[in-house]
Ligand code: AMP
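Here's a solo chain for you in structure tokens, the form predicted alone.
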Amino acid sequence: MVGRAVIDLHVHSSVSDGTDPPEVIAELAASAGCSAFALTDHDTLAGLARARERADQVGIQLIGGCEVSCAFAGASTHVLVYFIDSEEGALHDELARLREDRIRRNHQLVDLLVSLGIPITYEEAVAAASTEDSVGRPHFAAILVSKGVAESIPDAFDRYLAHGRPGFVPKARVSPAEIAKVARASGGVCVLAHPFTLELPPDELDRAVSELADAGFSGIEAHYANYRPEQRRALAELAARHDLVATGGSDYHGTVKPGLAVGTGRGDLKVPDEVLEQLAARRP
């Protein structure tokens, strides 16, 4: 790859709701010219060992991480956690609790879909994922498509699975401040993922980011693949105002989110590798 080294700090594998195994994610990141990548599966670190083994083989740095769903500012908020290498600690305990609640939610979701006249079983959902812990709404969406109930995964969410739709079942949410606390206790740092999903006007987003900075956050995801250049610049300026690192990533999920590539997003993503150094400097 010509030019500065780049990184991708937001990638998902089949261990959560992506479609590529952790080993393949490492290969894709290396092929894209990344010097480092973070595997950030939802509420789990289970894919890190496999990704790290392959990353070492292809000569790329892996940052241990995950993505946690939180409740903040009246909306579902996603928090990225980085530099988690130990297999025990406060964050691991919290993730285990969240995974248990995910299983509860998934059983309820099956029951709700059946009540809507959709022939689906819990066993089908588990079979669509790599493990019971990793079953998520995208797996249910894929099943609905396979049964002809929806035309595509986005259509399945629009018809049944999104918030406010007839097949939506909420799952447990913690506050970002709680995740920041347990992440720091485990040696990690927290970053607000795709900030515009909060759907806040600029002044309220500024206050929300200020609150997260006070809670111990280290950065916000400014260089996000689905954001326009002017949106990325605005978020980088917002990060600077609050002394936060402007991080970035593709949010790659494989075929679940078509058109995205590890490292390059939609072709114009270039997260400089010094961002990783800036984040590492914020470690407790």
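Note that this is a predicted model, so its numbers are computed, not measured. All residue numbers are counted from 1 along the displayed sequence.
This protein has a second form, the form predicted together with the named molecule, left out of what is shown; the following refers to that one.
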From Gly167, Pro195, Gly136, Pro176: within 4.5 Å of the named molecule in the predicted complex by heavy atoms is Gly136
His78, Arg99, His92, Lys181 - the one with a heavy atom within 4.5 Å of the named molecule in the predicted complex | His78
Using the partner position in the predicted complex, report whether His42 sits within 4.5 Å of the named molecule, counting heavy atoms only.
-> yes
Non-hydrogen atom contact Tyr160 with the named molecule in the predicted complex at 4.5 angstroms | no
Mark Lys257 yes when one of its heavy atoms lies within 4.5 Å of a heavy atom of the named molecule in the predicted complex, and no otherwise.
-> yes
Answer yes if any heavy atom of His253 is within 4.5 Å of a heavy atom of the named molecule in the predicted complex; otherwise answer no.
-> yes
When the named molecule is placed as it is in the predicted complex, which of 80-88, 208-216, 99-107, 184-192 ends up with heavy atoms within 4.5 Å of it?
-> 99-107
Residues of 6-23 having any heavy atom within 4.5 Å of the named molecule in the predicted complex, listed in sequence order | Asp17
